[in-house]
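Quick heads-up: it's one chain on its own, the form predicted on its own, in structure tokens.
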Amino acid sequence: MEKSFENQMNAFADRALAAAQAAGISPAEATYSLSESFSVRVRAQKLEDYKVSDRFQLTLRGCWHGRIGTAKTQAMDEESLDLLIQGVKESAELIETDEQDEILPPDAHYDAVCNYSDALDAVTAEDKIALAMRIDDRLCAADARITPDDTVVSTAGEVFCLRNTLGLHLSHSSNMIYAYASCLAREGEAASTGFKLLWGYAMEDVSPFDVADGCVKDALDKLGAGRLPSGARRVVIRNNAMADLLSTFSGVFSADNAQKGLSLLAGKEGTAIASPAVTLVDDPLMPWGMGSCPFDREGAATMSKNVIDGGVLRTLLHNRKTAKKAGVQTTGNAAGAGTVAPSNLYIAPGQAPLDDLLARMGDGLLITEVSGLHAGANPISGDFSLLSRGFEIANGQIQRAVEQFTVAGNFFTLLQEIEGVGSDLLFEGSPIGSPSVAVKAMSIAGE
């Protein structure tokens, strides 16, 4: 990120706050960000798509006649200042509720956290294109049964700043790189797809060999997949699939949803809602975490907390507004516009590798993919019915790939049925992660 543009943002925010105070808007708050992204797509050893974008936005909030108004701009000029002031006043005058978001002074302390790499910021576009080409080249040379599909390399970065007229002045920078590849495997009449994604904060984190070889292995492992008979089975849900489930149902841990009647966890703090093997952590201070930041979108200091501790629900996730309603302190999970969201949310890993979970299970099913999460899952009731694929397990060993079966259940029941947690914690391109988990039994609809 160019330092000169960041300095321009700071200067414009200062002018916006000064103009707000001069217009009688007090207290006032300016939230502003600059985001940059780069993406290159390679297919069949040719550059297919190339995108570079940057976006600036400033949001001005302030108190006008006892109401909080809000206005936004993507320009930094005098006309934008005038429109911001007018927008805050008009917005405040339209508000009828007495329930107002507050603008508050800074907290006493903010922890330090780093998820920004200077070295990554210095990587050139040519280097990223060359990386995508190397991944595609390795896919092309991997196996006669493999046909490469997409190879994508992307970087993203953001500078996010928050300041107000009560002494708050916060700034945080983050960036990341990710690369993924997809391919098709064919052998006779059998066909399968493969996918591999890696991300991190250095080119070394997205090795072309690891991306390409992982994609090829994923496709070949699934070739010739069979069908399963219906019935209840002992199950291990692999880390990536469990993270997808947790992401789909993460809204149940929002205090905002609970207070609106959109979560069954309302009023359940202090009660056991999961197996004693389950501890669910929200950690915005995780070093090099994708969702790490020392402050939330309201300027409250963030903190690590166990949402579930040994199966017991300890807290929901709060912003200042939901915390005030509940008579508790904010957990630092304000996501902007009055919403609540997790930061780095994950099931705490155990000690057992995946192979040990399979050995303990003996006979059962390893679920490696779940799909249809938007249509086949109800984020309020917790019910789900999802098309899945994986591997049949006998005597703790993988026997064969299986596909086209449906796994049905309920997220809250699933949490209670977890009997083992693996050591293989994974964040697959998302700030919501999980290790593999062993489940007592799940209902499978197959042949």
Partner chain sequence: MLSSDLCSRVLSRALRGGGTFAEIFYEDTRSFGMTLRSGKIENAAVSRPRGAGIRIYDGLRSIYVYTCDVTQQGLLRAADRAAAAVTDTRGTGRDVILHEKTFTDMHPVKAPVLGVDAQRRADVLRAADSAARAVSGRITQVSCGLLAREQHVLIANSEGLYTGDTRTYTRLTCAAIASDGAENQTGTDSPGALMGFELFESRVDPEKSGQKAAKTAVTMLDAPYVQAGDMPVVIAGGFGGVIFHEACGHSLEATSVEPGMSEFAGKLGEQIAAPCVTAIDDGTMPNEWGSENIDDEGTPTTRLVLIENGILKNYMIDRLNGLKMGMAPTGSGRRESYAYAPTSRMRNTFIAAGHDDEDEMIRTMGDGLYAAQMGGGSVNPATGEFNFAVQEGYLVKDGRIVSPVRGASLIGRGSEILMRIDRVGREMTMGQGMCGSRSGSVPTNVGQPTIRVSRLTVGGK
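Bear in mind that the values here come from a model prediction, so they are computed numbers and not experimental data. Numbering follows the first chain given and starts at 1. Think of the rigid core as the biggest set of C-alphas that the two forms share within 1.5 Å after superposition.
Just so it is clear, the following notes concern the form predicted in complex with the partner chain, a form of the same protein that is not shown.
*Asks:* Is Leu387 one of the residues lying within 4.5 Å of the partner chain in the predicted complex, judged by heavy atom distances?
*Replies:* Result yes; Leu387 sits at the interface with the partner chain in the predicted complex.
*Asks:* Check Ala359 for me: does it contact the partner chain in the predicted complex (non-hydrogen atoms, 4.5 angstroms)?
*Replies:* The answer is no: Ala359 has no heavy atom within 4.5 Å of the partner chain.
*Asks:* At the 4.5 Å heavy atom threshold, is Gly420 in contact with the partner chain in the predicted complex?
*Replies:* No.
*Asks:* Looking in the predicted complex, any heavy atom of Gly167 within 4.5 Å of the partner chain?
*Replies:* Flag for Gly167 set to no.
*Asks:* Which one of these stretches, 157-165, 280-288, 233-241, 67-75, sits within 4.5 Å of the partner chain in the predicted complex when only heavy atoms are counted?
*Replies:* Answer to the contact question: 67-75.
*Asks:* Consider the chain as shown here, without its partner, and state which of Ala352, Leu83, Ile103, Leu223 has a heavy atom within 4.5 Å of the partner chain in the predicted complex.
*Replies:* Contact with the partner chain in the predicted complex is made by Leu83 alone.
*Asks:* Sort through Gln45, Gln397, Ser26, Gln404 and report the residue having a heavy atom within 4.5 Å of the partner chain in the predicted complex.
*Replies:* Spelling it out, the residue with a heavy atom inside the cut-off is Gln404.
*Asks:* Checking a candidate spot here: are Ala13, Glu204 and Asp218 all in contact with the partner chain in the predicted complex (at least one heavy atom each within 4.5 Å)?
*Replies:* The answer is no: none of the three residues contacts the partner (heavy atom, 4.5 Å cut-off).
*Asks:* Within 4.5 Å of the partner chain in the predicted complex, counting any non-hydrogen atom, which residues from 321-360 show up?
*Replies:* Result: Ala337 alone.
*Asks:* With both forms fitted on the core, give yes or no for whether the Cα of Thr406 moves by 2 angstroms or more between this form and the one not shown.
*Replies:* Comparing forms between this form and the one not shown, the Thr406 CA shifts below 2 Å.
*Asks:* Superpose on the rigid core, then tell me if the C-alpha of Arg41 is displaced by 2 angstroms or more between this form and the one not shown.
*Replies:* No.
*Asks:* If the two forms are fitted on the core, does Leu386 show a Cα displacement reaching 2 angstroms between this form and the one not shown?
*Replies:* After core superposition, the displacement of the Leu386 C-alpha between this form and the one not shown stays below 2 Å, so no.
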